[in-house]
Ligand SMILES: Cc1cc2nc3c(=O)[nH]c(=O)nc-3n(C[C@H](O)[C@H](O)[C@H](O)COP(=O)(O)OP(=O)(O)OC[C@H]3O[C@@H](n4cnc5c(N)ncnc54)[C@H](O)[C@@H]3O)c2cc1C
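Shown below, as structure tokens, is a lone chain in the form predicted on its own; questions about how it binds or moves come after it.
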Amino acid sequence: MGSQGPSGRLIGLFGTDRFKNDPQTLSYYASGLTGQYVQPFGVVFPLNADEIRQLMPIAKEEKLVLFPISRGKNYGYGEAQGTLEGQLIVDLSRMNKIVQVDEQLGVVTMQPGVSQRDLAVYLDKAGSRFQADVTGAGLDASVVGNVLERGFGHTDYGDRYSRVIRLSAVLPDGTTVNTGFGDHTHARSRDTYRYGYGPAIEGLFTQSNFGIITELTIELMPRPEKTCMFVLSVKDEEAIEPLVEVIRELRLQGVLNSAVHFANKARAIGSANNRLAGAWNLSGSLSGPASLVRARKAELKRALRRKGIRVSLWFFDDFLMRVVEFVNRNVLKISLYQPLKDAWDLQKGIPTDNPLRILLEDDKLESATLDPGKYETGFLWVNAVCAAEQSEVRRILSLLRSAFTEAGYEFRVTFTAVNPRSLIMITNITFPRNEAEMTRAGAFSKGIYAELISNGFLPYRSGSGAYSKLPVLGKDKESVLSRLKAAFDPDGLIAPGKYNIPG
């Protein structure tokens, strides 16, 4: 153990400006919108991978447990909280370099501190012919952090993890692992071919605690010649079932390639009252050469007619969106303009805080300055995966409606067709930040996860404070993960308990 003690050694490495353990800082990192409070030992802000490598022996000798975060904006999933009290938060937000954008091949290499806003602004200023896929997590959310949780977006590249080419991770012993062809700087396909040779191991560093990711290379989407967003609403609650089938078949056939979002009325527009919003509201996009977009648009119309579903269907392109914006600004306020503009921006790779504002009923929310400990509203997510089949959607909706009605929470839900065969269901609850309501919300989320899991609907991701709600690992998988953790991190330095990985 160093004679200076852990704080002295951390100050020696990071200085007083990049090691913080004052009460205000600790309170910020301890707090979550879920209402939980997990007090850390302190927070460090590395500037590069070498500082992380230097941190590892200090952590081992001083018996410090590390919890890395990209930017700590994981709203509803624990934000910047660690898994246990007394951990050293490794905040990577100052590692925010966009290392390289390849304008020929359409890939970007970046550090974990790059936000959605950072990347969008960078590509826009560079006049790039590529755009990023973005999520509704807000302007300040980390791109890399969301990818490592296997989050999803809105465009043809909405399945974001499937677009990863390579990553770099620092292991607890100071080793740097580069996946794919990452170790071979002379490899001409280093930034284009994901698998390299031998075992493909990039997946081991998603939803895990085996290392600290310092760099990631991911594909960008070519800005299409034409983007046509479709927005569809139905008044009939039961119409979601045949719509699921239509979207599934169009995605299987390659007619639709974007993620498609199904939102009930409460989720689509919050508490606003609008007659145009239906019981279910769908959005997605058709993009590519104009002739191909026209053909796909016609096929979408035909598929809906063949199914005999009574829908309201609108198509929006750049020209029509400019017209709508002009009318809203100069002629007549359009009540659905903002949700429409938000959906359009997300399809175009433009991040926004507005989805968070709708969720939290807060028009003034800014993701860059939101302080979970001081925010008056509590918020948490519940998610599950179901097959893209009518009977599966019917079953999960029946289960959820019953639970939300009984508990007295407003039922806001989306289903997202991230791939042709699966839907990711996401719902949420908001609640006042007082002890009684936080306790009630925690009990409700635990109960609804248990009910979903017992019915075969398992979550696709989780967060600090919620790992206990995950299903129990299978015995053999638990054994394999335990052995992997022992190999990568024998001293348990990084995020013990994350995703219930043993060791």
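Note that this is a predicted model, so its numbers are computed, not measured. Residue numbers run from 1 along the displayed sequence.
Just so you know, the form predicted in complex with the ligand exists too; it's not on screen, but the next bit is about it.
> Which one of these stretches, 320-328, 128-136, 237-245, 186-194, sits within 4.5 Å of the ligand in the predicted complex when only heavy atoms are counted?
Contact criterion met by 128-136 only.
> Check L359 for me: does it contact the ligand in the predicted complex (non-hydrogen atoms, 4.5 angstroms)?
Although the ligand is absent here, L359 would touch it in the predicted complex, with heavy atoms inside 4.5 Å.
> Does the ligand get within 4.5 angstroms of any non-hydrogen atom of I69 in the predicted complex?
Yes - in the predicted complex, heavy atoms of I69 and the ligand come within 4.5 Å of each other.
> How about G211 - does it come within 4.5 Å of the ligand in the predicted complex, if we only consider non-hydrogen atoms?
Looking in the predicted complex, residue contacts with the ligand include G211, since a heavy atom lies within 4.5 Å.
> Classify Q347 as contacting or not contacting the ligand in the predicted complex by the rule of any non-hydrogen atom within 4.5 angstroms, answering yes or no.
Judged by the heavy-atom cut-off of 4.5 Å, Q347 is well away from the ligand in the predicted complex.
> Using a 4.5 Å heavy atom cut-off, which residue among F181, Y75, F316, W280 comes into contact with the ligand in the predicted complex?
The option sitting close enough to the partner is Y75.
> Here the chain is shown alone; which of A141, L300, C386, I165 has a heavy atom within 4.5 Å of the ligand in the predicted complex?
Going through each option in turn, the one that passes is A141.
> Which residues in 379-412 have a heavy atom within 4.5 Å of the ligand in the predicted complex?
Residues within 4.5 Å: F379, W381.
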